[in-house]
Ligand SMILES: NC(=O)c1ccc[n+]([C@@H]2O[C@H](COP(=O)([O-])OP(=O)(O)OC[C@H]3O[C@@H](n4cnc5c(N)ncnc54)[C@H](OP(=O)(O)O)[C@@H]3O)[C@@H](O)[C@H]2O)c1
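Heads up, the chain below is alone and in the form predicted on its own; it's given as C-alpha cells.
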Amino acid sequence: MKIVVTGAKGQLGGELCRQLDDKAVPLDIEELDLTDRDAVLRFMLSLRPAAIVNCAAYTQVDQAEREPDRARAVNAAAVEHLVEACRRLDCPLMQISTDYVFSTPNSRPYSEKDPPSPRGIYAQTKWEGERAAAAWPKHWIVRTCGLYARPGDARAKHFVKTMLRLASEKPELRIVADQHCTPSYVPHVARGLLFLGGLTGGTPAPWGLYHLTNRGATTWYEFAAEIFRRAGLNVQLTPITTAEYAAPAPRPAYSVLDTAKYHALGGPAMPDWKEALAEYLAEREDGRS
C-alpha cells in the first residue's frame, strides 16, 4: 500500500513518513510542485496511491500578507489539484488544516460544528483549502495547532526549540500572553492522523472534519514559562499583548479546539499539553546522554 505524504520535509509530514515507514511515498517541492496541475495529475495517476495525506502548506503567516497569490496557490489551488487526482483514482484525501480558521473570541473550545472566521491571508487560504478538500466526498479534514516536532528533527523550526535557544542568548524574553491555544507534539498528532485514516491497518474513521491537538489550553507566555520550569532554566519572562507584538498578520485571540469527536472514536489518546512537553524534554535529554 502506497500512501503519498506531501510536505514530507516539514514537521508533520516528516513524522508521518517516519511512522508509516516503507508505506510512505514522501514528496516535497523538489519531487513535485503541487501548484502545477498537470504535474500532479501525471504523478498521481502513474503512482496510483491508496491515500494522499496533504501536509504541504504555505505557513509563513506574516509573509503571506505580502505574497497572497503564492499562499493561495499552495494552500488552496494545490488542494484542488489533489482533489482532481483523487477523483480520478477514487482515492481518499487527508487535508491538514489549522486553528487559525477561527478568530472570534470564544468561551469554550471550538467544535467542528462552529463556523470558521478566518482573518489574514494565511487563515483565509487554509479555509479555502478546506472547502476544496470537502468537494471530494472521500476526505478527512483535520485541524491542528501549535505543532512542535521531536528534538531529533534538526530541520524543524518551532516555539519550543526557539525558546530553549533564546534562553541561552537573552536575559529577558517578552512573550505574548493573550493568545489562547493548545501547543501540540507532532508524534502525538501524527499517530492520531494515522488512526483517523486507518493508514496503519485499522478501520478508517467516517469521512469529514476533525480537530486533533493535545488536550488543555494555554497561552504562549504560559507555555514558555512551563518550558523553562521543566528544563530548569532561569529566564526572566515579561508578558506582552498581541498589539505590542505588532505582527503584520492577525493572530487568533482564542483558537482552542475541541477534540471530543476524535476521542469518541477510541483512537490513541492525546495527552495534556504539559505531559506532551514533558515527553519532548525527556527525549531531548535522552538524546544528549
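Predicted, not measured: the structure shown is a model, and the values here were computed from it. When you see a residue number, it is the position in the sequence shown, counting from 1.
One more form of this protein should be noted, the form predicted in complex with the ligand, which is absent from this view; the next part is about it.
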{"item": "Full three-residue contact with the ligand in the predicted bound form, heavy atom 4.5 Å, for Ile29, Cys55 and Asp99", "value": "yes"}
{"item": "Partner-facing stretch of 30-38, 231-239, 44-52, 258-266, counted where any non-hydrogen atom is within 4.5 angstroms of the ligand in the predicted bound form", "value": "30-38"}
{"item": "Contact of Ala190 with the ligand in the predicted bound form (heavy atom, 4.5 Å)", "value": "no"}
{"item": "Distance check, His211 to the ligand in the predicted bound form, heavy atom within 4.5 Å", "value": "no"}
{"item": "Contact flag, Thr144 vs the ligand in the predicted bound form, heavy atom cut 4.5 Å", "value": "yes"}
{"item": "Proximity of Arg155 to the ligand in the predicted bound form, heavy atoms at 4.5 Å", "value": "yes"}
{"item": "Heavy atom contacts to the ligand in the predicted bound form at 4.5 Å, residues of 107-142 in sequence order", "value": "Tyr122, Lys126"}
